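Below you will find one chain, with nothing else, as C-alpha cells; this is the form predicted on its own, and questions on how it binds or moves follow later.
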C-alpha cells in the first residue's frame, strides 16, 4: 500500500524527520510518500498559521488521487484541515493528534500531552474536546520552544520534553505521554525508557492506524457529512479549488 504523509508546514527538513519516523513504523510492504505543500507557513503555532496551512494540505490530498495513494496522514498535531480532507477523497485520512489520543486510550486510563509554545494550549484543548477525550487528558504541558526550535536544537528539545514528561508522570499522575508536535518523533523511544510509561508519537500512531484501515478495506463514508463538496466557482487565489473533477463529484 502507499500512504501519503503530509507535513502541513513548508519546512522540508522537518518533513524529512517525519518521513524517517513514518518509515520506521511502516511495514516493509508499505510505501511512504512524505511531502510538504508548495504553499503555507514554515511552522504552525497559531490559529492563523493553522488556517493558512489548510489549502496546501487539501491540494496535496487532491494530488494523492492521481498518485495511487491508499491513505493519508496529516502530520501536524493540530490536525489542520482533517474534516475538509475527508470531503475531497474517499481514502482514509488520519490526523496524528486523533491517532495518538485514540491509541493512548487503549494503553492508559489517563494521559498528558507535552507540546510546544503556551499559545498552543487552548487550540489543543478545543481539539481534544472535539475528539471526546477531555476526561482522559489530564494536562496539556507546554514548553518555551517553537516547532522549528526542536529541529535546530534537539538537545534542548529532549531536555524540555524530559522535564515536562517527568512532571506529567509525577504531578499529573499521567499513565502515558503524548508528544504534541510532529517534530518530536525522534525523542519518543528514549523518553519512554526514562519515564517508564508509554510515550506516543503521533506520526507513528497515524501510520499504523492508516495501515490497519486500508487492510480492513474501509473507506471514508460519503453518505452525508463527508460527501464530496458541491461544484461551485471559487475565485482569486482559490480558483483551482472549485472544479477539480478528480475530487469534486
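Positions refer to the first chain, counted from 1. Given the structure is predicted, the values throughout are model-derived calculations rather than measurements.
Below: the form predicted together with a further copy of the same chain, not depicted.
Shown alone here, residue 187 lies farther than 4.5 Å from a further copy of the same chain in the predicted bound form, counting heavy atoms only.
Proximity of residue 238 to a further copy of the same chain in the predicted bound form falls within the 4.5 Å heavy atom cutoff.
Among heavy atoms of residue 197, some come within 4.5 Å of a further copy of the same chain in the predicted bound form.
Contact annotation: residue 154 falls outside 4.5 Å of a further copy of the same chain in the predicted bound form, judged by heavy atom distances. For the three residues 35, 137 and 159, a heavy atom within 4.5 Å of a further copy of the same chain turns up in the predicted bound form in no case.
Although a further copy of the same chain is not shown here, in the predicted bound form the stretch 97-130 places heavy atoms of 98, 102, 103, 105, 106, 107, 108, 109, 110, 117, 118, 119, 121, 122, 125, 126, 129, 130 within 4.5 Å of it, in sequence order.
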